[in-house]
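Structure 1 and structure 2 below are the same protein chain in two forms, each given by itself as structure tokens.
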Structure 1
């Protein structure tokens, strides 16, 4: 009996000590979106980080990019969110505004303060994630879009891509008209087409070129400068099936078919990352020197030279995680982001760190000068607590003029009414 009691006590002591050891283990959960190239390098960084910190275990969870926003929102609303995550900034903004993410722990990532951190990055890289002087995320990628051109299609229409590429939106429509091939009403080859759901990134700058804004600077009035909006809506109406029939949201997404080089799509709007995908999808076309990148056009009578807005994916830390986990999470993020050149080479994403941006390797990448000069004349994507709601309403306005008989004025009136209602509500 005594022996049995001793054994039981021993077992209890062992299990307690094991439990105590287990308690010391810090388990971090990191949610991100699918990207096979990034998964390979980040898994390696995580393994290295776990070796450097034997008490840390990291669980990297990959979610479908289109579902990531919904999944994360559900997890946060159930108070069961991951320690680290990334999303596009338009979605992350709400998390920041609702205090669901923690400010950067500067000492944990080896910086004295916010200024020291900012000094190492491109000017404005943290504007979108700065609130009350505190920075809430580190950039995993910063992206802007330019126009990719298939030179062969230009030449097949008797155009010289080097000289005849569109500089204004009016030229874009005219050139697209020359490039388009139709079977009756049905388009079988498009010159250019827009990235339709992403109106805050690519359509709003077009309005701004003409002096318009979505919301006034004081945040109280919806739709600034009706004429600018009406001109853009008219341009979109002309673009659609009831106008010059150059494209429509119901055709396949241009950037997905442009890579195929199968005479379907002459131009598409995309980021530097398109080159990485092209290299995988169609290596022959990638190596062929038959494509080029040009700047985001402006309207002929533009009052402001604004390029396509840039947006980012920032790595953020859950504010509800215990302090110890938050600190380790920032350390892991800083460790992963200390390899900007590998992210660029293997994943084709730009982390706006000065040391990399100034490097010769970076500057010599194909058409990087075009992307960077467009970045200079662009600003961060429009951010608002209700940004996605606004984008949905802009989508409805554009679709109404392009696909139905709604006039530009009617569409604008409805858009103004809806956005104003949101601005006036205290939600």
Structure 2
């Protein structure tokens, strides 16, 4: 009987021990945007991390980049957001300002403090994610966009890509007019088209070239310099189907079809990462020397030389997650980001670490000089805790003039009213 009692006690101890171990399993969910090259290496990093931490299980969820903002907003509203996520900083900024994301756990990522972390990165790399002296994200990439050109399409229209590439937006429209092929009113080959969802990154700099701003410096007034805005809206209207019919938001995203080299897209606006995707999507075109990269154009009468804004995708941690999960999330992020050269070589994304930026390998990459030169002409994307909402309003204004018969002035008035209403509610 005594022996039986001992066995029962032992079984109970083992059961409790197994239960305790089971309770220590940490499940992390990581949301990120589609990138097949990055998926390959990050799945490997996650598998390695799980071996290092047998009690951790990571679920990596991939979403279309254009849908991530809405999906994450819905998830946070339902208190069901992932432990780790990345978005463009102009969309992440609001979560930071609303205290929905956790500050970096410096000890978890192997640093003494914020200053030690910043010392290893490009100056200003953390400005966009710093609030009250705390850093709220680690950069998966720092990105700016330039113009990719298919040389063959230029030559097919009698143009020399090395000499005739567009330096101004006026030239961009005229050259696109020579490159475009239509079947009736339907465009079957575009010379160039815009990245329509990302107006803060690429359209706002066009306004700034003409001296305009979205919000005044004191943050109280919407729309600075009406004439600059009206000129850009007129340019977009003339670009669209009711003008010169050069492109439209209704067509497939240019950067997604440019790689295919199917004679349907001569130029697209994209980041250095496009080269990594091109290498996978179309290795023959990648190796062909039939493409090139040029700087972001300016208007002929620009008052400022402003290139396409640069932005970051920062990996952030959900502040609603338990502290134990938050700590492990930061450890996973630090482990993935400890491979900057592989991210650069396999995915062509730039993590702004000083050691990599100064390396010979980095400086010798194709057209890196064009991207870095444009970075010097640019500034960080416009940031505001209502930036996601502002971008939607700009989208509505642009599409109103491009796809309907709304006048530029009507679209601008509506844009101003909507943004001003938001600004007034902040004060």
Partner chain sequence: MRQNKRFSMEQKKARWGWTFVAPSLVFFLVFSFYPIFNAFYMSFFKKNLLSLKPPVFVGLGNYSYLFKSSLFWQSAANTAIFTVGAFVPLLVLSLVLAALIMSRRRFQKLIQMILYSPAALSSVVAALIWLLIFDPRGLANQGLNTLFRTSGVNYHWLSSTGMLRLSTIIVYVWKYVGYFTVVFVAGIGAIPHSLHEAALIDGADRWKDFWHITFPLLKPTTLLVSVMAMIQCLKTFSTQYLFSKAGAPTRPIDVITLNIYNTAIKDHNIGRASAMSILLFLVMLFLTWLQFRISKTEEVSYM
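Between two forms, the rigid core is the largest collection of C-alphas that superpose within 1.5 Å. Positions refer to the first chain, counted from 1. Keep in mind the model is a prediction, meaning the values are calculated, not measured.
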**OP:** Mind telling me which structure is the form predicted in complex with its partner chain?
**Re:** 1
Subject >> Which entry of 191, 142, 255, 95 falls at the hinge, with the rigid parts compared between structure 1 and structure 2 >> reply: 142
**OP:** Look at the chain as two rigid parts and give the angle between structure 1 and structure 2 through which the smaller one rotates, in °.
**Re:** 16
Original post:
Once both forms share the same rigid core frame, by what distance in Å has the CA of residue 123 shifted between structure 1 and structure 2?
Top reply: 3.0
**OP:** Please state the CA displacement of residue 80 between structure 1 and structure 2 in angstrom, with both forms fitted on the core.
**Re:** 6.8
